[in-house]
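As structure tokens, one chain now follows by itself in the form predicted on its own.
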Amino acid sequence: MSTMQSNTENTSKDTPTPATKPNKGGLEGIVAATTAISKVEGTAGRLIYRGYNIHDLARHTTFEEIMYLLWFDKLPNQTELTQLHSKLAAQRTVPTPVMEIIRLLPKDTDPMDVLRTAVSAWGALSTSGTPTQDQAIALTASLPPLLAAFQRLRNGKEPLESRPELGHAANYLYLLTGEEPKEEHVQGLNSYLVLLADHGMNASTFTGRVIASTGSDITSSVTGAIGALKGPLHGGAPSKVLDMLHAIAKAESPEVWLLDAITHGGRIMGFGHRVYKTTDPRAEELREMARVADPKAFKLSREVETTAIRLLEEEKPGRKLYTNVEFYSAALLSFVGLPGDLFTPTFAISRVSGWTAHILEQVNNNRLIRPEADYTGPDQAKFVPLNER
């Protein structure tokens, strides 16, 4: 029995009864599951993966170590890490039928649509039956080559073969550019992947768990999660932060632009979070990375951050709208060379490790997720036959 299975069974004995908090819509305040994978403490601004503080993990681990932690419930030793690296490297290929599908897609296709389509096709060839840890490894390994293949094709270049000696972040950058990735780019992307790997019962993770609870396969669950992540209210907004910063750079001043947006109902991208009522701890790490990566761009980002927080508190007192993970993600991903429309798919390259961990946790102690809804329609409508309507 794996460590994951053992811990899941132990925690299931302490499963709480369904929450009875008032439903504010969107299942807010409703406890839908128990998990030992990650914990989000919104008031304290704290995030942990299986007990480990995100700040320690972001500064001292590789993304491969985080994958292992999420799937196997412990940080790996060197032998275990080497074995995982070998398994990942062996799965970094795009099956010929899937590559043919990617080639057929128009060059202006949204990369999230490409990823959803390619993953679904990959799963039709590669996975079936009850989700397993080996399937989680294979699926996580497959996303960078799938996405990089489309990126090169739409730029008139042929896809590349993965390099087995490279780590996950470095190989992704190599597949995109065909060049040896700079160490500072690899480090920046690795830390980003660590920070975004999991985040409690967010919309895409919940979607994946709901699908898994029906007895469906791992690829169907992840394909659904990708669909949820695409939405701008979840993961589809990092590139819009970059657009906002470019607009502010051309304005009279950050304060003038921000105040105009706030007073006229515009949305300040990269601020506010459904759970966090203080600064997102992931944003704290990304802020420092952005400062080191590009001091000139950071100066504007930091001025926008401090000004926006002050103005939001003045104009919307008590709302507690602070910087979220998207704000500095945009700066960091731009620094490592990614175009804006690859920001959200790169988010998926990280989060698939968390999705698959949750899917495995769900199937190891499964019960069909089937919530109720309060019906608000008419109760006794009179039926009229078609010929009389």
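We call the rigid core whatever largest set of C-alpha positions still superposes within 1.5 Å between the two forms. Computed from a prediction, not measured in an experiment: that's the story for all the values here. Residues carry their position along the shown sequence, with the first being 1.
The form predicted in complex with another copy of the chain exists for this protein as well; it is not shown, and the discussion that follows is about that form.
Engineer: Check for me whether another copy of the chain, as it appears in the model of the complex, comes within 4.5 angstroms of all of Leu105, Ile211 and Arg367 - heavy atoms only.
Structural biologist: Yes, the whole trio is in contact, each within 4.5 Å by some heavy atom.
Engineer: Considering Leu259, Ala141, Ala203, Ala293, which brings a non-hydrogen atom within 4.5 Å of another copy of the chain in the model of the complex?
Structural biologist: Only one listed residue qualifies here, and that residue is Ala203.
Engineer: Going by heavy atom distances of 4.5 angstroms or less, which of Ile137, Ala121, Ala297, Leu245 would be at the interface with another copy of the chain in the model of the complex?
Structural biologist: If I apply the 4.5 Å criterion carefully, the residue I get is Ala121.
Engineer: Looking in the model of the complex, any heavy atom of Pro159 within 4.5 Å of another copy of the chain?
Structural biologist: Outside the cut-off, so no.
Engineer: So, in the model of the complex, is Gly29 in contact with another copy of the chain at a 4.5 angstroms heavy atom limit?
Structural biologist: It does: once another copy of the chain is placed as it appears in the model of the complex, Gly29 has a heavy atom within 4.5 Å of it.
Engineer: When the contact criterion is heavy atoms within 4.5 Å, does Glu100 count as touching another copy of the chain in the model of the complex?
Structural biologist: Looking in the model of the complex, residue contacts with another copy of the chain include Glu100, since a heavy atom lies within 4.5 Å.
Engineer: Verify the contact flag for Thr346: yes if a non-hydrogen atom of it lies within 4.5 Å of a non-hydrogen atom of another copy of the chain in the model of the complex, no if not.
Structural biologist: The answer is no: Thr346 has no heavy atom within 4.5 Å of another copy of the chain.
Engineer: Of the listed stretches (300 to 308, 313 to 321, 285 to 293, 123 to 131), which one has a non-hydrogen atom within 4.5 Å of another copy of the chain in the model of the complex?
Structural biologist: This holds for exactly one stretch, 123 to 131.
Engineer: Would you give me the residues of 206 to 224 that have any heavy atom within 4.5 Å of another copy of the chain in the model of the complex, in order from first to last?
Structural biologist: Going through 206 to 224 in order - heavy atoms within 4.5 Å of another copy of the chain in the model of the complex - the hits are Phe206, Thr207, Val210, Ile211, Ser213, Thr214, Gly215, Ser216, Asp217, Thr219, Ser220, Thr223, Gly224.
Engineer: My question is whether Leu368 is one of the residues whose C-alpha shifts by 2 Å or more between the shown form and the other one, given a fit on the rigid core.
Structural biologist: No; that C-alpha moves by less than 2 Å between the shown form and the other one.
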